[in-house]
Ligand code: HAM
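A lone chain, given as structure tokens: the form predicted alone.
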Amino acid sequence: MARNQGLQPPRGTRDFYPDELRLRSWLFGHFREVARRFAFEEVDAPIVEHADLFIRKAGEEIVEQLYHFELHGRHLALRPELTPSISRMVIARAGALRFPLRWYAIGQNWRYERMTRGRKREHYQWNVEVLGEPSVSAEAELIAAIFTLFDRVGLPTTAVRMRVNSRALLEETLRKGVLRDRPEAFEPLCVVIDKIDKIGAEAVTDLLTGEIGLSANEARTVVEGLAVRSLDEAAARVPDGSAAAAELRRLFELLDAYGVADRVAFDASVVRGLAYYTGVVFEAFDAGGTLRAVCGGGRYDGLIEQLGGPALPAAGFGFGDVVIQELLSDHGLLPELAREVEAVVFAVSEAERPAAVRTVRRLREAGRAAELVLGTPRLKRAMQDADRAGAREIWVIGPDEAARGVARVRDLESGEQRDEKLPDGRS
């Protein structure tokens, strides 16, 4: 081990010092306020789960990126995402829950993946789920919540766009063509074509022939289909009466009612990299093209049943904390957040400390954020520290003030001063 390596956080993880934690809390506050406005309830789950909850056999990168270990005969893993944990919670109480559920969680996730700008191995994620609703009204509500968050943090409406597709529409297209005799290949095929933005069309074509077993012509046909950017053109590739095409049209109709349809576009290349998606899928992306997807999600009607629960429709999204902070930084929208200190109480000498303690206690009981200066620095230093902390005022208690039974209170913005009666020594 390199010298002092143990004093650094593992690569791809973060320490949160007070200023960073204030920023994280600010962002989480926006997540929670949007969820509140959309009437979602908060839940949470263990960060350590049984590894089987996340291990599927469709070749997903997320399975290869698990932080997992054996302990006392159990195969455990740090969760890489929240949706399986939430699904497990639904299964545990399915008989007692009233559907549809509107749940959200903000949790830490772990993936041992290659790091780029906006991508770390540890991140926090805002997961929002609608469980038990089969119609695209669920997806429309979720997409509206995402745009509400973008608007709330001050991003211009042109800064982020949403791309929408349907796994069901893609499946209808492929099952009448290259997958007519191989329906089981659909999920791993989706995992492969999700990589097109990362590795390019040629590399995806090679994977489709090498890993999925398509012919060169079939692989090229699949990749060419991913370039479709018109819902009408995509719908023309499936049989008349396609339920998936009708769902997408209904989704855009609802998004228009939400006032966000002009910020959403159809894109046949969006499939998402998780095998469990079954219907509408969507990704929000930086319109400037410098960052990875800001968030994404979709419908996963089969996951709860696959995990051993009842057949239950579900849709949701995951929204990480890393990319959005990069995007806000690019737009100059990250706030400078001062400490939330309202008052500082300063005893000039140890003789006045009991009076200072009673004073700060009274301020705290009144609901104010009050800091007691520890030790006895010079008054000038105490005032500088109070100003740096963002305090509104400093309460100074010296021998003269103590003798008169008051504290000298100085407004740190205006410089005005007043005397405030000290609490009774018996209180």
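These numbers come from a predicted model, not from an experiment. So that there is no doubt, residue numbering starts at 1 and follows the sequence shown.
Same protein, other form: the form predicted in complex with the ligand, not shown, and the subject of what follows.
- Heavy atoms within 4.5 Å of the ligand in the predicted bound form belong, among the stretches 258 to 266, 162 to 170, 314 to 322, 197 to 205, to residues of 314 to 322.
- Under a 4.5 angstroms non-hydrogen atom cutoff, the ligand in the predicted bound form lacks residue 346 among its neighbouring residues.
- Although the partner is absent here, residue 292 lies within 4.5 Å of the ligand in the predicted bound form, judged by heavy atoms.
- Taking non-hydrogen atoms only, residue 132 never approaches the ligand to within 4.5 angstroms in the predicted bound form.
- Taking the partner from elsewhere, residue 111 is found to have a heavy atom lying within 4.5 Å of the ligand in the predicted bound form.
- For the residues 305, 141, 81, 151, the 4.5 Å heavy atom test against the ligand in the predicted bound form is passed only by 81.
- Listed residues 127, 278, 85, 242 were compared with the ligand in the predicted bound form; 127 is the one with a heavy atom within 4.5 Å.
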